[in-house]
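This document starts with one chain, in the form predicted alone, laid out as structure tokens.
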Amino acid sequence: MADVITLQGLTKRFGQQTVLNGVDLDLQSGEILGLIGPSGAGKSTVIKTTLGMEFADSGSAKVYGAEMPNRVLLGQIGYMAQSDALYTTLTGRENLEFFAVMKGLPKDTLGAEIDRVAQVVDLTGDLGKRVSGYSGGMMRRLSLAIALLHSPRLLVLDEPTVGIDPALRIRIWEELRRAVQAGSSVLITTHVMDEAEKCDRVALLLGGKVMAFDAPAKLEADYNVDTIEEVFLKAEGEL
């Protein structure tokens, strides 16, 4: 399998604080890679540095062999940030239409694609409402729908299921697995440990370092525990 994302010795400082300290990671084609760790571990910084939104102090970050930002590659990436970047004066449908056009969706398929992603995140009945009237959870779901538009080659999702009920979380994970079967690759951050079990590989980030990186079952065997949550606690020294 080819590398989709390759991080080597990635180091990032903000003032005197070292947020990433020599991070080595790779995302393979056709897999879901879960990045887990406590708040402040550097998960969002990994994503921002990978996508060229932040510049590393040392090391390298490449997507499909190219350094970011790269306009051509950015058009092939579905990105969902931790904070929602939506136009609150527009309706949900108008937001989706705007981003669909930005992503270059053909006009003749635009409506059907909007309907598809709205159904995945259970927003079909709310597309006509202004986003200013959406709850926080609805905004997260709309942001995820935007990321899913046009079946991107790479999905980069930062805490996509925060504030989303368990039943819808299951449906979203089913959609992520379908996306991978259709040829996409997924990098996802989460603090929900049962979601980490659904990933093909998991990287545990603590104090800006990757403490463990492998398939969930392999990590559980290596740490002699039954769940990823226990791997996490053992790596932190809590077990």
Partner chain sequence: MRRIIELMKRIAKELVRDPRTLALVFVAPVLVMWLMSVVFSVNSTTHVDVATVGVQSSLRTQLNDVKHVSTHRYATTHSAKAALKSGKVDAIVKERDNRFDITYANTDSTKTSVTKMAFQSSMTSTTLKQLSEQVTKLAMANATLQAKMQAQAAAQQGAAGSTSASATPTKKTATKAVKVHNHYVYGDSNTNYFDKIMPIMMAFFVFLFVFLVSGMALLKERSTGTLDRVLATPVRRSEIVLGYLGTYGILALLQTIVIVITTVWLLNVEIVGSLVNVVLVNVLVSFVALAAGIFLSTLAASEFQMMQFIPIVIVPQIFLSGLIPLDSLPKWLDYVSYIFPLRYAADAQNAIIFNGDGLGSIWLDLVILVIFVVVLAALNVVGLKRYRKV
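Residue numbers count along the first chain shown, from 1. Source: prediction; values computed, not measured.
Although not depicted, the form predicted in complex with its partner chain is the subject of the following passage.
Contact check for Met138, Arg171 and Ile188: none of the three has a heavy atom within 4.5 Å of its partner chain in the predicted complex. Residues placing heavy atoms within 4.5 Å of its partner chain in the predicted complex fall in a single listed stretch, namely 46-54, out of 46-54, 30-38, 174-182, 205-213. Proximity of Ile146 to its partner chain in the predicted complex: non-hydrogen atoms within 4.5 Å are present.
Residue contact check for Val72: one or more of its heavy atoms lie within 4.5 Å of its partner chain in the predicted complex. Of the heavy atoms in Glu159, none are within 4.5 Å of its partner chain in the predicted complex.
In the predicted complex, at least one heavy atom of Phe99 sits within 4.5 Å of its partner chain. Note on contacts: among Val120, Leu105, Ile164, Leu127, the single residue with a heavy atom within 4.5 Å of its partner chain in the predicted complex is Leu105. Taking its partner chain as positioned in the predicted complex, the residues of 78-102 that bring a heavy atom within 4.5 Å of it are, in sequence order, Tyr79, Ser83, Asp84, Ala85, Leu86, Tyr87, Thr88, Thr89, Leu90, Thr91, Glu94, Glu97, Phe98, Phe99, Val101, Met102.
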